[in-house]
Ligand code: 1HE
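Here's a solo chain for you in structure tokens, the form predicted alone.
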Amino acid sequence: MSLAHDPILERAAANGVNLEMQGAVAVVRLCRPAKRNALNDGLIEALRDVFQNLPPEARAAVVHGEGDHFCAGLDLSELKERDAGEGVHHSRSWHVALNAVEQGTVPVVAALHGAVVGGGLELASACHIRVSDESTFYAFPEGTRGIFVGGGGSVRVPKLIGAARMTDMMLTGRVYNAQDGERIGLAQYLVPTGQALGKALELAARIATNAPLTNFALTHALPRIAEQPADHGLFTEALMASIAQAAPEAKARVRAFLEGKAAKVQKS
């Protein structure tokens, strides 16, 4: 089915999320620039639908924001009063959407610029690689607004920067600039202003050439191994390694290397 006439993608676009394919890379754009790409339920549902229904030719994805900011967090103008039960279900719906990013079919690269705040940082942390430019800044203002993160940030962000740093951000309203954010682990790459999307696309195109089973192992097995006791992790690693290297594509790639037909690792 053509992307232009896919009803799922048309509905997602109406809710602020656009998908286009650039070769084997799915480029996912947040399209609420007048709201600094702030997240509402419609946009979250659109992200869920897009990542649960990526085209079969997609081998990697890039998420970026239209306008001056990646994502400034929750759209507080649409914040509704909920009782505790309704709040739990609402938060869990966000978990489903961001799990679709993190645990989907392809590795995801985030191109960050401007505000990466609150829910925007939760979305960025669900991606596997983050590229920031020098305009980027990070914050968790929920603590000063009397609320708590609800989109998975308390699980994902401490794995990147540690619980103490996230606690500080929420207790004090601390804002990290691009340089300090990269230093503490909120991004793996830092590029000049305006170049994050280009770098993210470059990385995603490279990732898309990997063996799909290797990419799956890195995005699904590695995070689980990291949380397992050492003995369990080593056993899981052995299973995953044997499965990956048994794939026909892996055998062909190793054979090409041994025959001198594949590039060797070079100092960058």
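Keep in mind that what you see is a predicted model, and the values were worked out from it rather than measured. Throughout, we count residues from 1 along the sequence that is shown.
One more form of this protein exists, namely the form predicted together with the ligand; it is left out here, but the text below deals with it.
Peer 1: Looking at 38, 204, 30, 46 here, can you tell me which has any non-hydrogen atom within 4.5 angstroms of the ligand in the predicted bound form?
Peer 2: It is 38.
Peer 1: Just to be sure I understand the contacts: of 88, 184, 147, 96, which is the one whose heavy atoms reach within 4.5 angstroms of the ligand in the predicted bound form?
Peer 2: None of the others qualify; the residue that does is 147.
Peer 1: Using heavy atoms and a 4.5 Å limit, would one call residue 141 a contact residue for the ligand in the predicted bound form?
Peer 2: Close contact exists here: in the predicted bound form, residue 141 approaches the ligand to within 4.5 Å, heavy atoms only.
Peer 1: May I ask you to state whether residue 76 is within 4.5 Å of the ligand in the predicted bound form, using heavy atom distances?
Peer 2: Answer yes; at least one heavy atom of residue 76 falls within 4.5 Å of the ligand in the predicted bound form.
Peer 1: Counting only non-hydrogen atoms and a 4.5 angstroms cut-off, does residue 126 reach the ligand in the predicted bound form?
Peer 2: Answer no; every heavy atom of residue 126 is more than 4.5 Å from the ligand in the predicted bound form.
Peer 1: Does at least one non-hydrogen atom of residue 189 fall within 4.5 angstroms of the ligand in the predicted bound form?
Peer 2: Contact with the ligand, no.
Peer 1: Mind checking whether each of 119, 137 and 151 has a heavy atom within 4.5 Å of the ligand in the predicted bound form?
Peer 2: The answer is yes: all three residues contact the partner (heavy atom, 4.5 Å cut-off).
Peer 1: Only one of 172-180, 156-164, 67-75, 194-202 gets a heavy atom within 4.5 Å of the ligand in the predicted bound form; which is it?
Peer 2: Within 4.5 Å of the partner lies stretch 67-75.
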